[in-house]
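Starting off, we have a lone chain in the form predicted alone, written out as structure tokens.
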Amino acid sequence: MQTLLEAIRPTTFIRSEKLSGYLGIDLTIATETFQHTGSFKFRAAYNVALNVENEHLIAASSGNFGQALAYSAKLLGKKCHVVMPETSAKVKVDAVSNYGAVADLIDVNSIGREERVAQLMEEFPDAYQASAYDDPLVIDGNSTLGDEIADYKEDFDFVVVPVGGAGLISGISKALCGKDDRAKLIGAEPLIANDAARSLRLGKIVRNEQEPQTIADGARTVSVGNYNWEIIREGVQAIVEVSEANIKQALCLYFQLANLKVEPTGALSLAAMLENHDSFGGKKVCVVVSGGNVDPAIFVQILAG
């Protein structure tokens, strides 16, 4: 049985002269597209599966956490159910099933993810209910990426991180605190799913009325988690709200100028550069790519414009 640090793949840092020149920003990409299961979520999921005694794991996920939990459960010999919107990318649904877990697809207009998870927990009372973001074990798993950024050879002015439920940015914040006080931590969130940005402005958790249908499916969350909120309210300087158009453009720029395939949620941090360029021009910026699990048909559609 491997420890978390033994199991994860170190993140890949890329310096793209083309992308930096295009934006006028000294840009370093920290990409988790080469992580196990194609996203940072493996860090969190494996840490959960490794540290709970339960032999059955149940979670709700739009895809990345679900497949990471499914793979972690497979590695550790545990059972797994993943509640997923039926609109989830097919590549993510297939991955959950291929790792041996049950992909429980729901119509979110008829039943919420939390409600369906509650039903499964009644059916399997000995299972562990794993949150994709609102869990100290998730935050600690994600903090390993923050450790790698803090230990990287560059001294960054900004570290920009995609925000959905805020499990990633809270983990990175926890790691950077005390290790890299120079870098300012910035979130990047879809404008039509901006509960975290509104929460930061108002000083309290604000919820979306329903799951926002942004193209960045990993950010289709109703609100940030309670554990996450306590960390990001102190450690995150700002959250940039980005348009759907800039998310798509960022995805294209990664492909065209950095030869990198990313999913829309993973493109959020670069989209923040497009949305608020004047704040980052001429600075040393680390943009985190959270994952690369994009449905091929959607990827081609975005690239084709």
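From 1 onward, residues are counted along the sequence shown. Nothing here was measured: the structure is a model prediction, and the numbers come from that model.
Just so you know, the form predicted together with another copy of the chain exists too; it's not on screen, but the next bit is about it.
Within this chain, Tyr71 lines the site of another copy of the chain in the predicted complex, having a heavy atom no more than 4.5 Å away. At a distance threshold of 4.5 angstroms between non-hydrogen atoms, Tyr99 is in contact with another copy of the chain in the predicted complex.
Among residues of the shown chain, Thr265 is not one whose heavy atoms approach another copy of the chain to within 4.5 Å in the predicted complex. Contact check for Ser269: every heavy atom lies farther than 4.5 Å from another copy of the chain in the predicted complex. Contact with another copy of the chain in the predicted complex, judged as any non-hydrogen atom within 4.5 angstroms, is confined among 53 to 61, 270 to 278, 234 to 242, 34 to 42 to 34 to 42. Contacts to another copy of the chain in the predicted complex (heavy atom within 4.5 Å) from stretch 240 to 267: Phe255, Gln256, Ala258, Asn259, Leu260, Lys261.
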